[in-house]
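Just the one chain here, laid out as structure tokens, in the form predicted alone.
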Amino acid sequence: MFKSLRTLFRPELVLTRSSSSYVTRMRHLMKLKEDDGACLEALRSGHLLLYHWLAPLLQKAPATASTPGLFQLPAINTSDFEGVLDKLGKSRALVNEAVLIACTEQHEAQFSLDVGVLDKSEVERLCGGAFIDLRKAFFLLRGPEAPLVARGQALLRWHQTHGFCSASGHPTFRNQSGSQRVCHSSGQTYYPKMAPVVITLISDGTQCLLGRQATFPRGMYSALAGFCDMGETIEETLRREVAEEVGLELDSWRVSGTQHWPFPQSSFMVACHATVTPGNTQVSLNHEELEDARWFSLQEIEEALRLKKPPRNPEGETPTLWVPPSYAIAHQLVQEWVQQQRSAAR
């Protein structure tokens, strides 16, 4: 039977933090969000993550035997980037358009800034990096940097698409940190929002079900996902999406975790494991939703997880199965299922 909402989050998953450092850092971040003067001062001594039309700037990371070919996010001092603007003959006022995304353990503020108005190649040359599409960047960055670059892009995108009030049609204006936008005509205040999405990995006990959309790169399969309809619970969304996409009725489910995901706009992913009975595995594919969905064995999934980057998959050849990058919560679901299968076999 389906579990009640009170069992969604297990006690052992509760995180513990050093109260003194975490609370102090969060209150400092809150002050910067609410105090324009303090935020502007923090910007002067802060770090910038640069984007060019929402593609983040990455630099080659020092290669090691265990991490060859990885990239890193360059933390560019505001003063250094103002020097870049001087060399390009552009106004330093562009820096003020940066939005606050986080602060380090040392309370150094971190901002994201889109420099799409500047010449891409010149910025890359002067900053010693390359602007790379965010989806590709997820395969190139180390774990802790991926959520940061995703958050920065999501906030920039939100500001770029919320320049006008839905009530009055008049322009909206952001505060210094970028944590909100206000319409002075209607008095309406807008805050960045995420759309809730349920993503689930279905198992019959020995296999797992993965699907792909036509827009996916060749060979890539992922867990099934769908947006919550207005007024739905997580359970209702989960059951409806699975029924709509693959024609299966679930037997049980549990929540594994959550994640912000910047695509297609900004989504709040609720990741679940679900099961069907072994006799209830016949897939009835909805081709309007998915291009394909199929059951995969443990061996097939383990081989897919060994791939550290997307395979070439030339046209005309049978594509190699691969799964989303390690940062994606779909990848986490697949990893957890493999661990469950291995444990059950012992």
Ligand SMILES: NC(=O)C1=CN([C@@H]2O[C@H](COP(=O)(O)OP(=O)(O)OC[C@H]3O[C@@H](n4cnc5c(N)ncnc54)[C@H](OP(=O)(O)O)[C@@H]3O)[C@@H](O)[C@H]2O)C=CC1
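What you see is a predicted model, and the numbers here were worked out from it, not measured in a lab. All residue numbers are counted from 1 along the displayed sequence.
Another form exists, predicted together with the named molecule; not displayed. Remarks below refer to it.
Of the residues given (78, 172, 175, 259), 259 alone sits with a heavy atom within 4.5 Å of the named molecule in the predicted complex. Scanning 235, 245, 204, 145 against the named molecule in the predicted complex with a 4.5 Å heavy atom cut-off leaves one residue, 245. The three marked residues, 222, 263 and 328, each reach the named molecule in the predicted complex, with a heavy atom inside 4.5 Å. Although the partner is absent here, residue 289 sits close enough that one of its heavy atoms falls within 4.5 Å of the named molecule in the predicted complex. The named molecule in the predicted complex comes within 4.5 Å of no heavy atom belonging to residue 110.
Interface membership of residue 96, defined by any non-hydrogen atom within 4.5 Å of the named molecule in the predicted complex, is ruled out. A residue is said to contact a partner when one of its heavy atoms sits within 4.5 Å of a partner heavy atom; residue 199 meets this definition for the named molecule in the predicted complex.
Stretch 189-197 is the answer when you ask which of 96-104, 123-131, 189-197, 246-254 has residues with heavy atoms within 4.5 Å of the named molecule in the predicted complex.
In the predicted complex, just one residue of 205-219 lies within 4.5 Å of the named molecule by at least one heavy atom: 213.
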